[in-house]
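Single chain ahead, by itself, as structure tokens, in the form predicted on its own.
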Amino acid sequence: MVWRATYKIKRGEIYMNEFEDVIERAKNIVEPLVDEYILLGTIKDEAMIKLAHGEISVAQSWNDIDLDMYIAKNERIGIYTINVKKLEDDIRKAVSDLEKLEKSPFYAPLPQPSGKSDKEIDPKIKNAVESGDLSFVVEDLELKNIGDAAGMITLSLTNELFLSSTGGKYSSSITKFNGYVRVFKDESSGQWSWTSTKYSLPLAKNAIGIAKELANDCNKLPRTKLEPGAYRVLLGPMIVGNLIEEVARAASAGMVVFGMSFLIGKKPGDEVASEKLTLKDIPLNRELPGFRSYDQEGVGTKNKYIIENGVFKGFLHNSKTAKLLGGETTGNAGWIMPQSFNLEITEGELKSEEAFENLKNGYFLTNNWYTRFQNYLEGTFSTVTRDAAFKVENGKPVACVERARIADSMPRILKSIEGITKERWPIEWWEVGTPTLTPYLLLSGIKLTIPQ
């Protein structure tokens, strides 16, 4: 049973004070009824611009309020979203329903809190979302002069309040400037994304410029059909962000518990990738919007290696998976599944301008969607390319590929990495839900087919 509600609320500092009162009232209601609880209140101000056919189709702003609650009693666990307008009724009904459940095999006592309150606020973003005035974004990014383009640009301010029965009491405030733009040139298209806690005009302009360049470059070349086979492949940051998020998801101990990770059976010290790959979870990076000083159990977060020079460093845990698998929480708690907050592939030695030369003969793929696993344990998957994709011969693009599908396995992909660029991009969009600092990857022997 879940209650969900979204309301228009007053903008300005006063509503945070009002929401603190809501959290305190919720605490007073739930505390005598359960053994453990966590209250997580979120207020999000957001403003958005949508592009379609080169025109601004939507420009709007709104603010949402949510109160989520974790409760445990006699080793029974419940997670609910509470309607703040029916606070006492919803909480009492949640507790009543909890008492009807069986004891959870996943139950573990909540850990002692060790996080801290923190914030990363860009005043320009804060003022924009609270006023709803996005005219400066339209002017700064020259959105009316891009040409035939589609995409979405969002600015947001998220305020969060955390209160637990273990004594954890924290707050966080984080701003975000995020977008993607897809530019069309005749039958060709290019897309790029960006994300930041700051209003970074150069970051957004560069992303739009790359999208334009990809569309134009593809449009200038003859079109060709892919011949299925195994090839050397250069993957752009948009695709790398999508695939590496799947690697981080497989490193969640929750995926191990549910039998859905290709890293099952791996131990710290096992080689799982090319020695060139180092992947980190970096919740304390203030430039990426996943910045967190505490996880959803109130444990302090820390930057950590998932893979270091190709070697697996260990699974991401919350208190429950730590108990089940014999470990310690890593400060990555979601209430259901351990999670990463921000991801980073450390920079390599390859210069971006030398990427085609190092690729020699193969394919340069820039974007993808519809990543689907055929077998989670084996890590076999497929994903379909979209937007500009290039056939490269003797280090130079010679044709634009109509459609292609990567059909391979994650373990093989990880071990096939031959090169990583120095240049990295902060990517986040529909297909990359975790803010990720990602380079270009040069791979060998990757299986490509034609989508049906």
Partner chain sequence: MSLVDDIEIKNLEEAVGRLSVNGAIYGEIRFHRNRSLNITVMNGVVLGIGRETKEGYGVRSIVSGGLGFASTNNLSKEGLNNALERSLSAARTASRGVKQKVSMSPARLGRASYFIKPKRSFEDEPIDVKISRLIEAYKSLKLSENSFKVSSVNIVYRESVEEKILITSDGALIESRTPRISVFYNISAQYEGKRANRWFQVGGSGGLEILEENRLDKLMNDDIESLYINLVKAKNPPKGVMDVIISPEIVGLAVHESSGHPSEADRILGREAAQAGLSYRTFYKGTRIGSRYVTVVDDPTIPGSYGFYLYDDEGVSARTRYLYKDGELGELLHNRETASIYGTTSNAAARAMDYRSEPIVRMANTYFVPGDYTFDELLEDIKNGVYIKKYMEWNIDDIRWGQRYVGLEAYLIRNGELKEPVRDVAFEVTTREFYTSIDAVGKDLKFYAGTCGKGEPAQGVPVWFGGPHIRLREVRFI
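Remember, it's a predicted structure, so these values are computed and weren't measured experimentally. Residue numbers count along the first chain shown, from 1.
Not pictured, yet referred to below: the form predicted together with the partner chain.
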From the candidate stretches 144-152, 327-335, 341-349, 167-175, select the single one in contact with the partner chain in the predicted complex, where contact means a heavy atom within 4.5 Å.
144-152
Quick one: is A108 in contact with the partner chain in the predicted complex, heavy atoms, 4.5 Å cut-off?
no
So in the predicted complex, does any heavy atom of D64 sit within 4.5 Å of the partner chain?
yes
Give a yes or no for S57: in the predicted complex, does one of its heavy atoms lie within 4.5 Å of a heavy atom belonging to the partner chain?
yes
Is there a non-hydrogen atom of Y80 within 4.5 angstroms of a non-hydrogen atom of the partner chain in the predicted complex?
yes
Of L201, A230, I121, L101, which one comes within 4.5 Å of the partner chain in the predicted complex, counting heavy atoms only?
L101
Under a 4.5 angstroms heavy atom criterion, identify the one residue in L284, A322, M260, L221 near the partner chain in the predicted complex.
M260
Need the contact residues for 265-293: heavy atom within 4.5 Å of the partner chain in the predicted complex, sequence order, or none if there are none.
none
